[in-house]
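For reference, the chain that follows is the form predicted alone, supplied as structure tokens.
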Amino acid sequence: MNFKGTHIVSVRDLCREDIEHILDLADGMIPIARGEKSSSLMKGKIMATLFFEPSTRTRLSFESAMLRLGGRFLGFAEPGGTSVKKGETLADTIRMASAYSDVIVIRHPQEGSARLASKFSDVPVINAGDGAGQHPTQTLLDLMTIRRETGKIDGRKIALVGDLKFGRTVHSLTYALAKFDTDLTFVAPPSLQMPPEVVELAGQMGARTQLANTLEEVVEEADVIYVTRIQKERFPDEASYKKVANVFKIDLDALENAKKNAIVMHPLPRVKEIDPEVDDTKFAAYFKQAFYGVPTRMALLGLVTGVLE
């Protein structure tokens, strides 16, 4: 793919070769992301960050990526202080932001919002999460984590655990992993299991898939245990949430029979899904995972603005 000017809305728009190219470039960005080297790659470029939903890691890592590369950013982290409060449409907000910047990064609670934004923007739009839909840059950093921390993606057995119904991170990750030679196990209570259409499409793409209700069923075979938060904000009411809250707890007992070289991942923030006692073990990869967001987003920003090929 010629990435210059391309909107990054869904990981499904990227082929395996595109993904591997992004990850290869991201590997080279690690010294810059750590502050060990300086760069002026994005000097003169401006990124607009339009966050209609709360974010810590995604917003800060995009901003860090832009600053580390010598660029600048503008935007908002709370739409209450913008003209959205006056009734401005998303289309008009995007038209204005594209006039002020070279690339737009958007997070929005409505599924499909990033795709809509791309239709009204004169500059590349990067989806930083649209409701329960897609989160492509999270997927790319997840793939980078798996590749760097386990040595490869092909041949890995990956257990996706927790809120698989509403979790946009696991939807995107499933589609991406299906482009590789992987075994995927979806571990969740029936009410939070992976949507059938996602499972079906992953199978059609070549992934080997199975469903499970408990981690104990798969922990001995998993190379990667990808844990997700039960997303309270996606539930229609408090009662529905309480029925499944805290259904999974990853602690040392849960990992007793795990492979010695297995890793535990989490897109964060965590609530009670992973006990802090896991943090200091060799299994914990979730803080490294959060760091990998910076070099991954550096590579993507460089590609869509045309300063990298």
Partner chain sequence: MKELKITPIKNGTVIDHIEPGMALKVARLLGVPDPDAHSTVSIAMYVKSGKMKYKDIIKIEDRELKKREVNIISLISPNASIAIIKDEEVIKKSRVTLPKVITGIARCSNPNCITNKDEPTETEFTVLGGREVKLRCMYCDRLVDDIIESII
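Computed from a predicted structure; not experimentally measured. Numbering follows the first chain given and starts at 1.
In what follows, reference is made to the form predicted in complex with its partner chain, a form of this protein that is not presented.
Contact with its partner chain in the model of the complex holds for none of A202, G206 and R208, as no heavy atom of theirs lies within 4.5 Å. With a 4.5 Å cutoff on heavy atoms, M194 does not count as touching its partner chain in the model of the complex; it lies far away. Taking the partner from the other structure, its partner chain in the model of the complex has a heavy atom within 4.5 Å of a heavy atom of H108. Put simply, K119 is close to its partner chain in the model of the complex: some heavy atom of it is within 4.5 Å. Residue contact check for Q134: one or more of its heavy atoms lie within 4.5 Å of its partner chain in the model of the complex. Site annotation in the model of the complex: the residue of T185, S101, S113, T145 reaching within 4.5 Å of its partner chain with a heavy atom is S113. Between its partner chain and the residues A91, L74, A77, A212, the one pair within 4.5 Å by heavy atoms in the model of the complex involves A91. Here the chain stands alone, but in the model of the complex its contact with its partner chain, taken as any heavy atom within 4.5 Å, falls in 83-91 among 185-193, 213-221, 145-153, 83-91.
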